[in-house]
Structure formats: structure tokens, C-alpha cells
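This document opens with one chain alone, in C-alpha cells, the form predicted on its own.
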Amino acid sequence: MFHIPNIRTLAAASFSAAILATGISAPAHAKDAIKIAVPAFLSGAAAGPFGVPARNGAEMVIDAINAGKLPEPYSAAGFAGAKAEAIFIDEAGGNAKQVPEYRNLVQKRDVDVIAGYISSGTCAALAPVIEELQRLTIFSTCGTPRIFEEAPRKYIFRSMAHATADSVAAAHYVRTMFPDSHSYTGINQNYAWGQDSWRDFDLTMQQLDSEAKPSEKTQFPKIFAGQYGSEISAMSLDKAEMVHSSFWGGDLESFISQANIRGLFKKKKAILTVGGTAAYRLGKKLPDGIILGARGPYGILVRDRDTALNTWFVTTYKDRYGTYPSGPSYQYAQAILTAKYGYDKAMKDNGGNFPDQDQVIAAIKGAKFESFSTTVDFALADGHQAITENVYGITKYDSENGEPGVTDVKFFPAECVMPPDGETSVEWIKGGMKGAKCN
């Protein structure tokens, strides 16, 4: 079918031709749209606790950016003026599915940005593929420190701190709040995320506590196992005073339910580094007294933080979805905001012209900006790995308001819980965490 231009189109073309004839450069106009792919678990055991809240956070913020409804300093509509078409894809299915899916997003669907991913295993598998295909990708959540420790990356950014911050902050919290507790065991999923989380917590405890006593019978069940009766029995018999777990998704909720029935939380202090995702879903069923993390300053731990961005985020999310935002909601929203920051700054740096991918990458590299609940600082991995503060509290159901709550909330600076640039997590912790600024 032929396209017949209207009068306005012809006039615009004539104007452009006239400018070219006089040698005057015409101002560049923003693209009408960009495409942002948002992978998250939309099916399976991780969907309800993690993937759906993540998708909701991304969707809400993309809609607000398109409409120019974010608070300052992000109120300008669009990504460098372009509206974003969001393409939500299911992260379920493992690496055998996600690697070809990523190739399809880049080579066939020609997306401009990929922002998301929850699983550390998926991110580790995708990292070399991303560098091969050379498409801007912002990891929103996946925790393994190995992404940037194993190789430099040009096209990958991670917009939140990695797992080392969770474990180091947890150890600091224990030493601050429970100085007389020295022995601990753990139950963590048997893959990169669980292994790294336990390693970093154990190493940090031994650095901070001369009397630290790790159990020799720590548990590493298969991811998505679902049933933990034998592990709970073993930990109940263990003499350790505390139980550390980086469980997430359906595994976390199953473990909390099964351990609560068996009385494990009455016998031992539980440290749940990703426990914040379960708070609103479990409600009264979440036991009091759990040491709770949310993989950073997100979810229930920052719900009452009084800033314009956080107030907007919490209020808008609650009105739209009928519940408060959890950690994944914040984390995915933060990845989308990173893309907006990069596009807008790149356009400004480019004299108002719509930026290309390399210019957006240059704008994000080393950036520092305010997000919904914290400051994001791309301080590590040559400006590709963000650091943020970390936070823990203790669960206490709020009977007066009929909702979950936390007490004794403590924040730990980013420079306290993340290694300095150029050092791996293990080297830094084993070396006594030199340079850490915790006050």
C-alpha cells in the first residue's frame, strides 16, 4: 500500500530541505519510541514472591515516565523524549531457554534496552552473550559478585549492590544487636547465589567476631526443592544459636512455613537476607523476631522513608496494585530509572540530540543519582556496578494497623558493606575489609 503524505508532512519536508540548502543544521528530534525488554519470573514458584512484584514495579515506572508523571528531577516525559514500549518476558525455564530468548530479543525484536533478571545463574550465563551481541543490559537484581569479578563488561550494568553487601551487612547487624551470639549454621540453595551468600556471611562473621563458631553441618538443598523437613530437623539439633539463609521466592516462603510449624524460630535467631519479599505475602504468618533483609534499602524496610520519590513510589504502587511494594518492585523500578537517567543525560551531553547506545552507556558509566529509596552510585567495575547502603531490621507484626512491621532498623553505608573498586569480595573480606567506612 502506498503512503500519501499529508500537507503537514510535505511542509515539514520542505522546511528540512530549505535548511539543508542554506547549510544550517536542523535540530535533531527525539525518536518516537524505544523498546525495553523486561525479563522476570512470570510463572513458577518465584513468580508470586519475586517476578510479579518486579514486573509491576517496572510497568508502573515505565508508564509514569511515558506520561511525564515522575517527581522531579525525572518529570520530563520519556527516555530522552521517546516513549518506551515495554516487552515483558518470562525468566522461568533456566539458561537453556534464557540464552536463546536473549538472542531473539536483540537479533529479531531489536530491543533498545534489556532491564531485569532475577536469577544469579541466568545473569552469569548471559554475561558473555550480552558482550557478544553488544546490547545495553541493566541487571536489576541478580546477586552474584562474579558478574564483574570474572571479566570487565562494556554493555552490562547492575543497578543495585551485589550479594556481598547483604551478607556483610547481616554480619554487622548481628554483631551490633546480638553481641553475645557467636555460633551459627545456615540453609542456602545449592548454586552460585546460595554458596556465595553463605561464604561471605561466614567470612565476615569470622572477621568481626573473634569467637565466631560456624557449624560444620550447614545445609545446601537443591534450588526449588520445596520440602525442608530433614534440613530443619538437622538445624534444630545443631548447637548453633543462629540460622542464616539467603532463600528467596517460593523456597523462602516454604521454609518459613515449615520451620515455624516445627518451632525452629523459637529455638534460634533466624537471619533471612531476602526475607523482605515474604513480609506482605505472609502477613501474620511471618514470625516476630526474624532478622530481616531485603537485598538493600527496599520494601518494608524503607516504606516510611520520607522523600518525594519514595512517597510517590509507595503511594502509587499501593493504589495501583492493592499492596505495598516489596524489594523486587523497587529493584526493577530502579533499573528502569537507570535507563531514563542514562538516556536523558546522554541527550543533554549530546547537545539535545537523541543519543545512540554508546552515548547512553557513557552517561550511565560512573553515574550517581537519587532513586526511589536510596542513592545509586556506579562506583565499581569501571563504573558499571552500583553500590547502595544496606539495611536490616527485626520483624514485629503491627497489630494496631493490621500489617507487618519491622523494628530496630539499622542502615549500613555502601562503603561499609561493599569492597572497593578493583578488589574481589573474598579478597576484601579475608583481608579484614580494609578501607570500610561504617560510621
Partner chain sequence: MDFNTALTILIDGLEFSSYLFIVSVGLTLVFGVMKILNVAHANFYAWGAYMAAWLIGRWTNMGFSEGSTFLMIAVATIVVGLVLGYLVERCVLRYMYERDEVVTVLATFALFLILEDAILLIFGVDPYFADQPMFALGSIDIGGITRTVYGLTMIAVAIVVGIGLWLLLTKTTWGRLLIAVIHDREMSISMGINVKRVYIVTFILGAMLGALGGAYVAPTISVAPGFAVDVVVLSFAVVAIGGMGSIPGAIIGALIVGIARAIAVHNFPQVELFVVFAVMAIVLVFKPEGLFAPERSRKI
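None of these values were measured; they are calculated from a predicted model. Definition used throughout: the rigid core is the maximal C-alpha set that superposes within 1.5 Å between two forms. Numbering follows the first chain given and starts at 1.
Below, we turn to the form predicted in complex with its partner chain, even though it does not appear here.
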Taking a heavy atom within 4.5 Å as contact, would all three of Lys35, Pro73 and Ala346 count as contacting its partner chain in the predicted complex?
no
Given 410-418, 36-44, 62-70, 385-393, the stretch touching its partner chain in the predicted complex at heavy atoms within 4.5 Å is 36-44
Applying a 4.5 Å heavy atom distance criterion, does Ala379 contact its partner chain in the predicted complex?
no
- Query: Heavy atoms within 4.5 Å of its partner chain in the predicted complex: does Lys222 have any?
  - Reply: yes
With the cut-off set at 4.5 Å between non-hydrogen atoms, does Gly405 touch its partner chain in the predicted complex?
no
### Message
Contact with its partner chain in the predicted complex for Gly81, defined as at least one heavy atom pair within 4.5 Å: yes or no?
### Response
no
Answer key, its partner chain contact in the predicted complex at 4.5 Å (heavy atoms) among Leu282, Leu208, Met177, Ile361: the residue is Leu282
Only hit among His182, Lys217, Lys365, Arg305 for heavy atom within 4.5 Å of its partner chain in the predicted complex is Lys217
Applying a 4.5 angstroms cut-off on non-hydrogen atoms, the residues of 244-278 near its partner chain in the predicted complex are Gly250, Glu253, Ser254, Ser257, Gln258, Ile261, Arg262, Lys267
Practice prompt. Compare the position of the CA of Pro71 between this form and the one not shown after a rigid core fit and state whether the shift reaches 2 Å.
Written response: no
task: Examine Ile147 after superposing the rigid core and state whether its CA is displaced by 2 Å or more between this form and the one not shown.
output: no
>> Once the core is aligned, does Ala308 move its Cα by at least 2 Å between this form and the one not shown?
In response: no
